[in-house]
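Read the single chain below, which is given as structure tokens and is the form predicted alone.
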Amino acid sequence: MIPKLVIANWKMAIDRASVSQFLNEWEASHIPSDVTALIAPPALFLSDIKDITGAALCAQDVSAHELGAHTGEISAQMLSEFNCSHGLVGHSERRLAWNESNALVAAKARRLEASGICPVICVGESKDVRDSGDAESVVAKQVLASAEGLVSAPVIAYEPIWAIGSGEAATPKIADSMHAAIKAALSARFDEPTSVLYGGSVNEANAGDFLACESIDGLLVGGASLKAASFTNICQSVGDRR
């Protein structure tokens, strides 16, 4: 059975005082046994939450380089020292604002894998691609290119670009169809099943609806993960769904 993952991507939307408040509130949280909660804080705060109970750590990004003279970069080896179990690569914000290519995303994913960290590869289409009717084929190609060279199946996070931060989430039907297409594309590439998460304006109200879909294995949560109470509620709505 594919484990259900729920990742809190705090992005750069939190300060140290808010991290402390989250941790204090998180102590009273109960996460269902069939859900794995992951917290992806800004790298500066990894040390603040490294001892969190009931959740694992996830990096927001990683360098494509090994240790060396790369000012401002964070290596996979460094992340492994904080016991990060997973690491995000290819988030749409980085693909768009930093022009990260599929090849660069794949290189980052390989660095994570080599350090024993599971890569979470983010993929998704623009509104123009969605409107063209080619979304599933475009995303399938993006997935395969971004997973180039990996030995084991990564986690995939499907985040339609047109839904991120817009308040307009994809419908569960749209997301389920895309997740099925992603799994089909990777089935010939990896022997083991691939876990595919949905991300894009996920909140307490819609989380359960997404996880009721057959092909959706978990969630990548942005703004709704900044408060322990709302993130806990999302995790609880995911648990024991199927």
Ligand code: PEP
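All residue numbers are counted from 1 along the displayed sequence. Every value quoted in this text rests on a predicted model; they were computed, and no experiment measured them.
Keep in mind that the form predicted in complex with ligand PEP is missing from the display, and what follows is about it.
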property: V202, heavy atom within 4.5 angstroms of ligand PEP in the predicted bound form; result: yes
property: Close approach of I164 to ligand PEP in the predicted bound form, 4.5 Å, heavy atom; result: yes
property: Contact flag, K227 vs ligand PEP in the predicted bound form, heavy atom cut 4.5 Å; result: no
property: Proximity of E93 to ligand PEP in the predicted bound form, heavy atoms at 4.5 Å; result: yes
property: Among 194 to 202, 177 to 185, 35 to 43, 60 to 68, the region lying within 4.5 Å of ligand PEP in the predicted bound form by heavy atom distance; result: 194 to 202
property: Residues from 211 to 231 in contact with ligand PEP (non-hydrogen atom within 4.5 Å) in the predicted bound form; result: L220, V221, G222, G223
